[in-house]
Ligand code: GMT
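Here you get one chain, nothing else, as structure tokens; it is the form predicted alone.
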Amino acid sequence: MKIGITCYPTYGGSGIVASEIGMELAARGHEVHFITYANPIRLTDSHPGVFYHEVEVSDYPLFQYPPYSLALASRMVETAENERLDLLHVHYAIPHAVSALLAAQMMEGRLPFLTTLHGTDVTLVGADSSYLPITRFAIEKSPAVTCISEHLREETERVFGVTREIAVIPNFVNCGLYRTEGDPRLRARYARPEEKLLVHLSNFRPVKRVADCIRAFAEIAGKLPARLLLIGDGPDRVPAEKLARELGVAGRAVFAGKQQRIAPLLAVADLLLLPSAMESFGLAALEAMACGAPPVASRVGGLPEVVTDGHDGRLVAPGDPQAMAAAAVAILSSPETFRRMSAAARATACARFNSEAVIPRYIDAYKRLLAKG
């Protein structure tokens, strides 16, 4: 198949998942064309079978805000016609599904598309009163819709009152790339042998509650030798760095910024801290689990569908860094508990969320979409 993919190419879960889907599809012999305003995250290197088509937006003075949605729809049509695409797979209802709807109309129905909902397009953007009607319209009129967790499916039905079929296809991890064997030299950059290495991975937005991560780590570091590696960037990075200094842990917290190769870093970590106020799935938790790093995460959203509390990680109430610290210390201070939970985390990731099992579900969804005619 020839598949067009549109996503936000930024450092966030939806862009990462879309990039990974594209690479997984190409590895299976499909031809993938990304249609976005920038090269998607994790696609900075060339990949056979993966192509990129930039959406250029006019800065004509008449427009106070550049009409990206219209430019995207036009680029979708151009790419579909020039590359003879079979379908589009758009990630996020706003604006991508709306642009796909317009592109399909421009091609008189000859461009089927599948919309994948990821979370904030429903819980934040779509629920905004100014966007709710258009988001509902995009969901109802998409030829096929998937979402990444049962929690998100239920939220979509509740917020928008839609009754159409929404298939749940969870996020995934390539267990051949995300492994437990870490490079000792890489680990030595961030922690001494006697220290535990904790990691946080996010886009540093308020919903991720990075400050709670710093507060939890300060308590952990007061009880056992530990370092914290923070991967990612965003508006809350500077406040988090300031808080680390105030709490006296700046020397033990490394802000690594955006990183393209996440798997090697997670492979040298002992545990993940994920104190988010909301996660529709929790991709960071899953990737850490595949590397044998149990997550200590908030009991919110779709995370309980990924992490089984006490078995392959711990779930605590959101907004409680003390509980997060206590759970982390309990895991890290007991070698037996850590070994058991680390092995269970890896087993869960590979048994339930391996790309080898999940990607065929997307391919089946594409085939069903094309069969509708």
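Bear in mind the structure is a predicted one, so any value in this text is a computation, not a measurement. One rule holds for the numbers: they count along the sequence shown, beginning at 1.
Missing here is the form predicted in complex with the named molecule; even so, the following discussion is about that form.
The listed set Ser298, Thr156, Asn171, Ser99 contains one residue whose heavy atoms approach the named molecule in the model of the complex to within 4.5 Å, identified as Asn171. Between the options Leu197, Leu283, Ile262, Leu243, the residue in contact with the named molecule in the model of the complex by a heavy atom within 4.5 angstroms is Leu283. The named molecule in the model of the complex is not approached by Ala216, whose heavy atoms all lie more than 4.5 angstroms from it. The named molecule in the model of the complex is not approached by Pro275, whose heavy atoms all lie more than 4.5 angstroms from it. Shown alone here, Thr146 lies farther than 4.5 Å from the named molecule in the model of the complex, counting heavy atoms only. When contacts are judged by a 4.5 Å heavy atom cut-off, Asp212 does not count as touching the named molecule in the model of the complex. Picking from 203-211, 288-296, 224-232, 189-197 the stretch near the named molecule in the model of the complex, with a 4.5 Å limit on heavy atoms, gives 203-211.
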